[in-house]
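One chain comes next, on its own, written out as structure tokens in the form predicted on its own.
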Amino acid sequence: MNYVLKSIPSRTVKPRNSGFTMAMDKGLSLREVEDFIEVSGDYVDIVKLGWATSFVTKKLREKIDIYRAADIPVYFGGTLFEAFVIRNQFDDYVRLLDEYQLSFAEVSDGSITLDHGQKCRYIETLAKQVTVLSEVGSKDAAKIIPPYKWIEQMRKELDAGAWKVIGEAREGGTVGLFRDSGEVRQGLVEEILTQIPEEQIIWEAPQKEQQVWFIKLLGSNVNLGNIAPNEIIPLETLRLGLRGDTFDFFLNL
């Protein structure tokens, strides 16, 4: 940090298991990636190339290499996994991970109907090759999954070999964990936390109000995802109580 302030919450350091920030790259240019890393790289633990943007991104390999040189892992969004699976191309997907030398993969079923046992088998297979992040929840706002089902699926996916489970919210934060207004489904989150350890969950929370809610519930070192590149520094100030929304929250440390 550039100077000393008292009563600042302690943040975990990279590589970390909690206090994890997942950024979403929805199509940054190579120069934008370089600038992003220069400004925010210290606060980014992993980058998701959103949904299937990697399919149309120019200079994809060069982009991944820039992140890799900064020790920031990259993975393809879960929608790309689903696009391969629905076309019966899972083996091609596995080869793709090898081709781009990726060490992480996301398994999701937010856009397709996938038997949960089969989803867990995909996790088991991929976990032999890479670190798996599995996403729970639907991208369909009309599909409301009861809390017991979230818990059951999260537990089974962790048992199948997922490193962490991701709570679905999409890039807009209006489905899954949240109502279409962006309001947190508080009862759902609290019930999940009675059964699944918080360090094993990444909460997709693209909106500032959602980030504030999770920080106040679980502290500075909550795992948050789907953060826009230009919101990484603002999120870090929220984590440290240096923005109005959390300004008073850590003063008594």
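One rule holds for the numbers: they count along the sequence shown, beginning at 1. What you see is a predicted model, and the numbers here were worked out from it, not measured in a lab.
This protein has a second form, the form predicted in complex with another copy of the chain, left out of what is shown; the following refers to that one.
The shortest heavy atom separation between K14 and another copy of the chain in the predicted complex exceeds 4.5 Å. Residue contact check for S29: one or more of its heavy atoms lie within 4.5 Å of another copy of the chain in the predicted complex. For the chain shown alone, Q89 is a contact residue for another copy of the chain in the predicted complex, at least one non-hydrogen atom being within 4.5 angstroms. When contacts are judged by a 4.5 Å heavy atom cut-off, D65 does not count as touching another copy of the chain in the predicted complex. Listed stretches are 116-124, 94-102, 176-184, 157-165; the contact stretch with another copy of the chain in the predicted complex is 94-102, by a heavy atom cutoff of 4.5 Å. A heavy atom within 4.5 Å of another copy of the chain in the predicted complex is found for exactly one of A83, I151, V130, I145: A83. If you take 54-75 and check each residue for a heavy atom within 4.5 Å of another copy of the chain in the predicted complex, you get S54, F55, V56, T57, K58, K59, L60, in sequence order.
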